[in-house]
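What follows is a single chain, given as structure tokens, in the form predicted alone.
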């Protein structure tokens, strides 16, 4: 196999005649290998079983376009990453060798991909912790079901606040993995103690994901039968009024632009999410138009510190004479929005039960710095950051007979805000833990 040679050998001290000969020869070979035109004549696969040829041909097509050795190595590595991204191989190795045989060209190369396919059935068991709840997740997966990177997944989750299970089918478009279709059938039971509410959803959804330039889009249709009930006997009358069955059929669109270097503790980059949902025009007895967005900007400043600014907002407009449902409204408060307030404890409430709102906004300004005196620098200590923050927001219901100025005035009234400091621990690229001391301000009655 051909491998790139070092530009210069190690320094052994004073250069003699033999050392000069040793240095000159690798440099000349390296120059020849980099500049020499080559042709990829054959691409071989070792280890294929149930995988169809057409799905892998799209992923390796660029290898044949390489014109020199360095280009062959780069495009082969890119093809390897694409093959692993399909989720059908456990391991992919690449071997580049000179072409052999009667039809071999003097500058011909053969590229061999040695692959190990995943088993027809795989299982998983894990626990998840987030948003003040924990759950145990059991999963079964049938990867590469028909040989074209299709996937069927069954998942059962038993949590402290909700239990759910679902069956999903995933199908990517050959040659463009970012374009994919998924169908989901599910049942989800959730408990929401801040509203004394229990909700059981049984539904089916279809999603189509596709990129446009630097944006990722998702089109989704969802039909769900929702059953709302009281979580406790002490539930307020407003929550009891919401109890019962409803059928929601909605079409939604989501757009995401994400240039951050990390989704957990980014040091640079920006994030923009915009969501729209229209319910009622495709059936069901729930009708509304819902819009919300999230914007985040991160910039690294002096002393390895990072300043981060974020802004959220949303509005729910009922269509028709029927008021909005407690299951569709926005909620605000807690460690993921306005710190220092209890989970979703901002906004309209009745007898201690929080009912959500039809409009909200929230913003935050954060400063992340290394720990004082940098303990454990270059190792475990780099997982910790000092955190200073300022959060603000408001949630309310709007009278849509009024104008935009009245809406803005109502959102600007009774602003809740908080500030504080703490420590953040990054757990790989999957989660973060925060320990903060907060000073909630602008507290209203019932918060």
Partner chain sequence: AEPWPENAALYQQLKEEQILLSDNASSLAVQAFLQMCNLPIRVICRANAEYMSPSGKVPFIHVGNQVVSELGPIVQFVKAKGHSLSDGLDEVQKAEMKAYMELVNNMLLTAELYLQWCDDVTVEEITYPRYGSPYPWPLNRILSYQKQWEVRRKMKAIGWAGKTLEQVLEDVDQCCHALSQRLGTQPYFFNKQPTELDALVFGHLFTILTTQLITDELSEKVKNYSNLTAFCRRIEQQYFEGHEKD
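Note that the coordinates shown come from a computational prediction; the quantities given were computed from them, not determined experimentally. Numbering follows the first chain given and starts at 1.
In what follows, reference is made to the form predicted in complex with its partner chain, a form of this protein that is not presented.
> Is residue 241 part of the interface with its partner chain in the predicted bound form - any heavy atom within 4.5 Å?
Contact check for residue 241: yes, within 4.5 Å of its partner chain in the predicted bound form.
> I'd like to check something about residue 247: if you look in the predicted bound form, is any of its heavy atoms closer than or equal to 4.5 Å to a heavy atom of its partner chain?
Yes, residue 247 sits close enough to its partner chain in the predicted bound form that at least one of its heavy atoms falls within 4.5 Å.
> Within 4.5 Å, heavy atoms only: does residue 225 come near its partner chain in the predicted bound form?
Answer yes; at least one heavy atom of residue 225 falls within 4.5 Å of its partner chain in the predicted bound form.
> Quick check on residue 146: any heavy atom within 4.5 Å of its partner chain in the predicted bound form?
Taking the distances in the predicted bound form, the answer for residue 146 is no, it never comes within 4.5 Å of its partner chain.
> Tell me which stretch of 282-290, 261-269, 362-370, 178-186 has a heavy atom within 4.5 angstroms of its partner chain in the predicted bound form.
The contacting stretch is 282-290.
> Out of 237, 125, 158, 303, which one falls within 4.5 Å of its partner chain in the predicted bound form, going by heavy atoms?
Filtering the options by heavy-atom distance leaves 237.
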